[in-house]
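Next up: just one chain, as structure tokens, the form predicted on its own.
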């Protein structure tokens, strides 16, 4: 890799000869780690012209650095950072005066300290990854996705991928969501009632920003998606946590007044409970009585490989008080980061304006590629393939859990991609997860899902979306052995 010539400059307060200053500039770049071994330096002619010095000065500086083993020369190719150059120090070098700001006072608000899970980026290298939200690349339709991406990159679609939509979205993607995705959930919506987001997380953030203030109260399920709880904490609203049971959120436990109720009725996160129809109607009635809005996160509704999914809350709503959150990131692949909001026009109008002030709109190329993948039928084929694979993996998982005597706390009635587990009360699954990682097993401790300062630590989640069926039993055996050792 060639190092761009415009990354070099001589400071106005440098001391010594030009030749010495050039040597020092390059040596500092190597010692700081900015210039990597094997990278090619600019030619002496181009660097001299860029710095405004004679070519001989640069040539002599290069020669001295070569003699010191910082550089190596290759015939007819130029100078490179030597393989024997000194290693950068382990500590980062800092310019003088960088830490003169008192950041404890300078920061107006803090967004750290949430419950973001610790997941290794190389999770796929572990033999037993029971991680939720990750997918098995062997299940994905790489060929057709690549075909759709090439089609989106073509001349005919150049406007769609290159244009600045400002606060709008790709009409092809909106059309598919309107005519195909939403009707499957019993939802009828017009294009101006839909907003494309950067995944469900972004949709929940936009919703909280638009609907909540410091004087309003949000109801969340307990346990619930930890990312939602972080969002509500940052919004500074009042939060009321309602314990869920085997049928999801109980309407009779709602506080006397709530402004916004966040729920996952079809597939409760993380317990996998499914809210029955009678409770859904009761929840809508309770929200009507207190004049509250409901935010329905309908994640994983496509993964209903055991039974048909229940009707969405949005499809039962006759008052326009339900805001629907959907996502393609769970069903296509997590890195896609495409979701959508469906709600009344006044709400979508404000959410659209807020999104435009933060990121304008999701990248046009990704929207158009996804639109082709969806509209050409590849998405439906992918869902069928994933459903068959998940059904087999769940069968193997449940057999392994029964064989090794592990306790299931919740499983999806219609399907899904994970099982909610419970260990004995005196077991800290955070410590167990750390120990299992050294054995190649990745699990998700459940404490971060619970509300309060002292959450139960004996819950954990096991996903089967990212692990081949042939490895499930061996991984469950290692988990059982670790729990037995703790017990």
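What you are looking at is a predicted structure, and each value in this text was computed from that prediction instead of being measured. We call the rigid core the largest set of C-alpha positions that still match within 1.5 Å between the two forms. Residue numbers count along the first chain shown, from 1.
The form predicted together with another copy of the chain is left out here; the points below concern that form.
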- Do residue 485 and another copy of the chain share at least one heavy atom pair within 4.5 Å in the model of the complex? no
- Task: Check whether residue 336 has any heavy atom within 4.5 Å of a heavy atom of another copy of the chain in the model of the complex, and answer yes or no.
- Result: yes
- Is there a heavy atom of residue 246 no more than 4.5 Å from a heavy atom of another copy of the chain in the model of the complex? no
- Within a 4.5 Å heavy atom cut-off, is residue 272 in contact with another copy of the chain in the model of the complex? no
- Note on the structure: Contact with another copy of the chain in the model of the complex, heavy atom within 4.5 Å, among 83, 358, 73, 402 goes to 358
- in the model of the complex, the residue from 378, 279, 385, 119 with a non-hydrogen atom within 4.5 Å of another copy of the chain is 119
- Listed range touching another copy of the chain, judged in the model of the complex by heavy atoms within 4.5 Å, from 261 to 269, 386 to 394, 165 to 173, 402 to 410: 165 to 173
- Message: After core superposition, I'd like to know whether residue 81 moves between this form and the one not shown (criterion: C-alpha shift of 2 angstroms or more).
- Response: yes
